[in-house]
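What follows is a pair of forms of the same protein chain, given separately as structure tokens and numbered structure 1 and structure 2.
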Structure 1
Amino acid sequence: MAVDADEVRREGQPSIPGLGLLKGLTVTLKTMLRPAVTQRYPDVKPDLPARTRGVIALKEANCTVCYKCARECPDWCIYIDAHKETHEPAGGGKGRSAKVLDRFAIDYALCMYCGICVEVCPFDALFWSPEFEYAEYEVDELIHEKEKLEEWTYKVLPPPPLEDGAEPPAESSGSQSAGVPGVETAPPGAAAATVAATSVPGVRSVSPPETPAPAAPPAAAPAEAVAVSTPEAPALKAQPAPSTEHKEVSLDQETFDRVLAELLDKGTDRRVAEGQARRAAMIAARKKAEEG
């Protein structure tokens, strides 16, 4: 049985004309009196959090051309080209080959912003940048090269500080203190400290089961461990020495000042301009070093 909507009335509730209009105007007046929460973009830039995921930026100095990001990318939107160069060692011996990055581009028309490339990069060459104004008029122009990705690196904000009561990540204590009880969270030099602490009489009361052990065999074991481990510590510290050989080239100040002045005249942001000028100065310094 069809019933007209006008005939459906609640019992005991009179019909007041214009009641719905008054309710609507009341809601409108309440909304008008509230302060505005919108920002006048693009005149007012938004205050983005430190971990905003805008685009993926590249720090070319950290890239070792391992192709791991391109292999793990599910969309195959990362394009990498490189070549090998042989560098003659300073102290003689066999030359060492190294990969030189020629092209690193990301097609943001295919990228789905999953962040897998940022997570798998073992050398911290890829970062999330808060930059979001990179729209283009053509789809082909969404392929950004390494120069553009390097500019976005200078806009990466530092990570937020730790919360109150949070503890920093504990460093691994090393293989020397792995077998010593109660030294898991100690620094790498804790092994030597524990060996020295065994000679203090007050420490014997902490671990009574270990004191009844025979004096001759256990005393020889820690001594041998210390004798074997102490030469390894200087050897490990001496390994980073080859990396310092590549820092002989100093910044070309003339190129830096010239490029910085040109970019600032064009209206480029000073932070981005300094990064580009520093990069151009390092390239010029390397070329002068190779020619000389």
Structure 2
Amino acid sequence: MAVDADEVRREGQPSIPGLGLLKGLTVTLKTMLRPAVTQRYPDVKPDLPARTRGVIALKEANCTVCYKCARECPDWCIYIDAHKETHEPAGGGKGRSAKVLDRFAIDYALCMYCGICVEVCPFDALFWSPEFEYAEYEVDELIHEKEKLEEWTYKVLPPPPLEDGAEPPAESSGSQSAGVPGVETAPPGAAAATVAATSVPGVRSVSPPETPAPAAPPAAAPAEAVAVSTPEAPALKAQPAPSTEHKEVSLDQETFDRVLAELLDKGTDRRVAEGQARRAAMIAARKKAEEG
């Protein structure tokens, strides 16, 4: 327990013999009378810090299939399959090619959570997600595919605001306020939070599709070509890509508000509650989109 430095120093000096022994007894007794710090995990979900490094999540729309992550991964545990597509512009002219992601999987039985893939990804497609419950009964099943990786991005929280007096990040000049639901308007001096928020998955998808996120402009073009069935492309889409692929959906606001209120009532930390509510809202929105 926290014994202040003064107390320690005083103990070093000659004093009544046995006093230290008695002090030790009071420390344990006091600790016993304080409430335990144990988090009763399976019953009560832990309130993890916003930047918890639980699992690697993939925001598919941002991925340009550059293979950087796969090549840098020290364990070679990222599997990427892709093919090339050429799109004829509607008005004629030279065709544009784009890589289309067929498979993106990470073998979590091999991954050592070094975070190198997150560091090297030039397009902010990989994130640390606070999700940590993805154990399986078979080792083989620890290879998680991109649908699962995508789902985990919903839980990624915007980074906490910078401390007072901290140097603003370099990109903050181009800051653009995205109408982020649930995220309180950043206090003055914390413009960084807004900037970062725009580059966070889930949050970004709320902004209108024609506004490219400032953090990842190069990602915008291919992402649009692949993910959203843009009017110019469909004619050439003869590949067997399943139609359930990936749909850009926006938050289901109703679910978001409901889950957020529920969690806040339960006393969950606001940041964590927002993340979980966003996740629930995204899943609900996806379901709706699939049904309708």
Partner chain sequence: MIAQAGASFVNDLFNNFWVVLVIKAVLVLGFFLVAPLVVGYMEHKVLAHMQARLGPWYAGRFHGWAQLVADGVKFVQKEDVIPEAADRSVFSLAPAVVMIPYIVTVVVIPFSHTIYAENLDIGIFFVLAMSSVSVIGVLMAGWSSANKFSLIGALRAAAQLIAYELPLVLAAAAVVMQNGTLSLIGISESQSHVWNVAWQPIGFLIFLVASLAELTRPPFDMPVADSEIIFGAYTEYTGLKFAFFLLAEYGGIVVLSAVASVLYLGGYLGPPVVASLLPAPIWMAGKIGALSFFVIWLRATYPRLREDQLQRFSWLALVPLALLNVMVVAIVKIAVK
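Here the rigid core means the biggest group of C-alpha atoms that line up within 1.5 Å when the two forms are laid on top of each other. Reference numbering: structure 1, starting with residue 1. Being a predicted model, the structure only gives us computed values, none of them experimental.
Between the two isolated copies of the chain, the form predicted alone corresponds to structure 1. Core-superposed comparison between the two structures: CA of A261 displaced by 2 Å or more.
Once both forms are fitted on their rigid core, the CA atom of R51 lies less than 2 Å apart between the two structures.
With the core held fixed, V27 shows a CA shift of 2 Å or greater between the two structures. Core fit done between the two structures; CA of G275 shifted by 12.4 Å.
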